[in-house]
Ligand code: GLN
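What follows is one chain in C-alpha cells, specifically the form predicted on its own.
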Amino acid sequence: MSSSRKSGPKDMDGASEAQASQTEISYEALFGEAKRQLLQAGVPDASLEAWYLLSDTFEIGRAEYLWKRKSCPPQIPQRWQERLQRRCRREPLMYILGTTEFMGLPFRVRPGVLIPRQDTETLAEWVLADETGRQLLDLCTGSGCIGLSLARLGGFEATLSDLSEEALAVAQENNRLLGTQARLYAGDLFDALPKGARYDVIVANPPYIESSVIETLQEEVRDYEPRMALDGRADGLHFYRRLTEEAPAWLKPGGRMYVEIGYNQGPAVERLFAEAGFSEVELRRDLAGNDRVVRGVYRNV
C-alpha cells in the first residue's frame, strides 16, 4: 500500500528554487545572443562590441564573467535590451556607452559631438613631442579631445573653440572631468576669440570629407555623427583654405599650426600651407600609413 505525504515548507522552498533555476539566464547566454543580433545587424567586431555592452551594462570584468557570477540578476535591466537595440540600429557604441578613450584619458561623448578617433592621436603625439607648456588654440574642438589631452599631458594653456554649442557643452564636461582649466569659446573658427590674442600653437581637426562622399560612409558615421563636423564642402578643403589664410594673424612669431587631414589630402594641404607663407611644412602619417597631419611654421608675423 503506497503512502503519500504533504509537502512541507522545505519541499516548497525546494520547488521554488528549482523553478527559479529553470528561468535563470547566464551572462554567457546574454553575450551569445547579443553577438548573434549584432552579427545579424552587420555590426563590425560583433563579439568585441557585445562584450563592451555586457561589461558596461552589468559592471562586470572578465574574471567576474568567467568565474564569479555565472547568472545574471533575477531581473534583467531594461537598459540592456535598449542598448543592444540601439547598437543593432547602428548607433555608434561610444554614444551608447557615453565615454571613450583618447591618449589614455577618458572622454565623455554623446550624440551631437564627433567621436574621437585613434588616428587623431597622431596629431596630439606630434605636438607633445615638439613642444610643451605653451599657449595653444584648439579649433573645431568637438569633445575637446586634442586640446584637453595636450593641456593635461603637456601642460599647455589651452583655449578651445567650436561653432557647435552642443559640442562645447561636452568639451566643458571633459574639461571638468580631466581637471584642466581650458577656456572655451563658441564661434566659427577664430571669430569668437578675444581680440589681440596670440598663440604659440594652433591645432585643428576640421571637417574634411567631400560633401558627395558623406552618403557613402559607414552607417554609424553617416546617420549619427554630426554632419557639421564631417562636411568639408565640395572638395573637402574649404576649412584648410580658411585656416591657412586666417591663422597667421593669431600666431606668435615662429608659431606652428598642426591640422588633421584626410588620407588623400596631403599634397593639397601642404600646398595651401606654403601658399599662405608657412615654412618647414611637413606631413606625418598615421599607424596605418595614411597621410594624417600637416604641420607648418609661420615666421613672418
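Each residue number is its position in the shown sequence, starting from 1. As the structure is a prediction and not an experimental result, all values here were calculated from the model.
Just so it is clear, the following notes concern the form predicted in complex with the ligand, a form of the same protein that is not shown.
Checklist entry - Pick from 89, 198, 79, 117: which has a non-hydrogen atom within 4.5 Å of the ligand in the model of the complex? => result By the 4.5 Å criterion, the partner-contacting residue is 117.
Checklist entry - Which of these residues, 229, 96, 163, 128, gets a heavy atom within 4.5 Å of the ligand in the model of the complex? => result None of the others qualify; the residue that does is 229.
Next on the checklist: With the partner left out here, check for me: in the model of the complex, does some heavy atom of residue 102 sit within 4.5 Å of the ligand?
Outcome noted: Heavy-atom contact with the ligand at 4.5 Å: absent for residue 102.
Checklist entry - With a 4.5 Å heavy atom cut-off, would you call residue 208 a contact of the ligand in the model of the complex? => result Heavy-atom contact with the ligand at 4.5 Å: present for residue 208.
Next on the checklist: Just checking whether residue 193 would be counted as a contact of the ligand in the model of the complex - the rule being heavy atoms within 4.5 angstroms.
Outcome noted: Although the ligand is absent here, residue 193 would stay clear of it in the model of the complex, with no heavy atoms inside 4.5 Å.
Checklist entry - Any of the heavy atoms of residue 178 lying within 4.5 Å of the ligand in the model of the complex? => result Result no; residue 178 lies far from the ligand in the model of the complex.
Checklist entry - In terms of non-hydrogen atoms within 4.5 angstroms, which of the given stretches 105-113, 153-161, 80-88, 199-207 touches the ligand in the model of the complex? => result Within 4.5 Å of the partner lies stretch 199-207.
Next on the checklist: Going through 91-110, which residues have a heavy atom within 4.5 Å of the ligand in the model of the complex? Please give them in sequence order.
Outcome noted: Nothing in the stretch sits within 4.5 Å of the partner.
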